[in-house]
Structures are given as C-alpha cells and as structure tokens.
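Below sits a lone chain in structure tokens, taken as the form predicted on its own.
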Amino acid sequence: MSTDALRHPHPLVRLLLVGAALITAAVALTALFGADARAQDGENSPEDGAELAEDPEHVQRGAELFGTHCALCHGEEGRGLPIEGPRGGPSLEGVGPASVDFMLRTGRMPMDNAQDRLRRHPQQFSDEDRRALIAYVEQLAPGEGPEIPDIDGWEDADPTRGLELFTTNCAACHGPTAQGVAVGQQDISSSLDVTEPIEIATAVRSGPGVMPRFTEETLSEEDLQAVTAWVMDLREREAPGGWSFGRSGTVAEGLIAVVVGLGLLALVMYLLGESARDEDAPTAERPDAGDPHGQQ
C-alpha cells in the first residue's frame, strides 16, 4: 500500500473506521449506564441475630474483627464517634442483623472514609467472619433491629404481584427496569442488576442510605418474596427487541441513538461531499507526463 493511500484513504474506508469508533463509543456509554459491578457469591441462608449473639465464640471473633476493621469509625464499643471528618461514624446499637449483613455482604463496609458515599465493593469478609460481626453488633442492643428475612420460597412467588409492588414502592428510585437512578443531590440508588436475592431482602428490611425501611407490617414476607422474584426475573429476561443497552432506559438509549445515528448520518454526508469534490477537482499535470526521462 502506498504512502498516499495511507494518508488519503478511500471514503468507504474512512466511513468504516469512524463507524467503528462510534460503535465503540456506544458500547462505552452502555457500560456507563449499565451495571457497574458484579454480584458477590455467598450464602443466601438467613441467620437469626439473637441466636448468633448467644454464641460466645461468634461474639469473641466478631469483637476481634470489629476492633481491627470497624472501631476506628464506630468506636470501640460500636456506639459511634460524633466527630466531624473522615473518622466520624454512627452508632451501631439497634441497627439489626439485616443491616449489618447487607453492608458487609455488598462490600459497602468497612470503608476508608465515613464521609464517602456507600458504594458496592467486593465482599471483604468470609461468610463465617460476616456472621461473627453480626453476632458482635447484635449483642450491643439485642432484638432492636430487623432480622435477616427468610426468603427461601422466592422462586415460587408470584412475579406479577412483585411487579405491582415494585412499581408502587421501588420504581421511583430504582427505575422501572431496576437499573438505578438519581434520587436527590449525590445520592444514587443502586442498580439491582448485580444483586443476589438475600441482598434485596436485607435492603428492604434495613433501609440502607436514603432508602426507607419496609417492616413486615408494610411489606409481608410473602410480598417481599414476590418483589425478589420480580427483580430476579427481570435480570434473566431476554430483550425481544434486540440489543437492550443494559436495560438502561429510554434516556440512555435515546442518547446512544443520537450519538450513533446522527453521527453516522453526518459522517456519510461529509464523506459524500468530499468524494464529489475530489471527482470534480482538475488533475494537476506532472512536468514529466508522457516521457519517462522527463523530456517533452
């Protein structure tokens, strides 16, 4: 291939190159608006906080882990540090096993700076250590917070009922496709596309961050299982219309359509104009045309 061909590629080649760049940008936007993490593996069986707190071995192990990883922000006895700055953490008295399980299972705790937003990270503790920390925190104020719910029957629950409950109670913040939306200032509700069933249940019962807490009086165990069934079904559902862009919703899909569709249209118009101009331009005569030795 000549140097001139590399510097001035055929319009079709330029079209393919720029089209590939736009598709790459669309994929990047999909990743941006889609899920930003992966589900964490772990046991999904519920644990009774009172039962764990009565096990001296669990409590002792939990106290050791708490002193190493949690006391710096929450205080030596879990009663919080009412100070300004990165080390001021709230009291854990009465938060309940569901809250501790959710925060640890999703890697939102422990965190380096108490002023940061709670974000999902890889789980930092084993299942056994997580249970030990639950046991220690529960014995600070036994029986005051929500227990880890039993949702073993969620696979047999009615997803239609779950859709109705999700639309009424959850879609305003998590979005109709459970991909997460902004709910005020810098508080961002999580995408549920990376969530395990037990995480849905513990979040509903404990109300992390700005999320309200749904007790059994407002959302029964049967209804909780139905919501879980709907969210899990939504995760596995195929997109009959083609590429779903991570089920990110109409705003993101519209933005991608504008970037790719109008971008390609503008590119085609530009290249057609360039091609027509090149065909109409007169060819400059070389001084040695017709004579290999440069003689006229």
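Source: prediction; values computed, not measured. Numbers follow the displayed sequence, beginning with 1.
Missing here is the form predicted in complex with a small molecule; even so, the following discussion is about that form.
Trainee: I'd like to check something about T177: if you look in the predicted bound form, is any of its heavy atoms closer than or equal to 4.5 Å to a heavy atom of the small molecule?
Mentor: No - in the predicted bound form, heavy atoms of T177 and the small molecule never come within 4.5 Å of each other.
Trainee: With the cut-off set at 4.5 Å between non-hydrogen atoms, does R131 touch the small molecule in the predicted bound form?
Mentor: Judged by the heavy-atom cut-off of 4.5 Å, R131 is well away from the small molecule in the predicted bound form.
Trainee: So, in the predicted bound form, is R61 in contact with the small molecule at a 4.5 angstroms heavy atom limit?
Mentor: No, no contact at 4.5 Å.
Trainee: Give a yes or no for D112: in the predicted bound form, does one of its heavy atoms lie within 4.5 Å of a heavy atom belonging to the small molecule?
Mentor: The answer is yes: D112 has a heavy atom within 4.5 Å of the small molecule.
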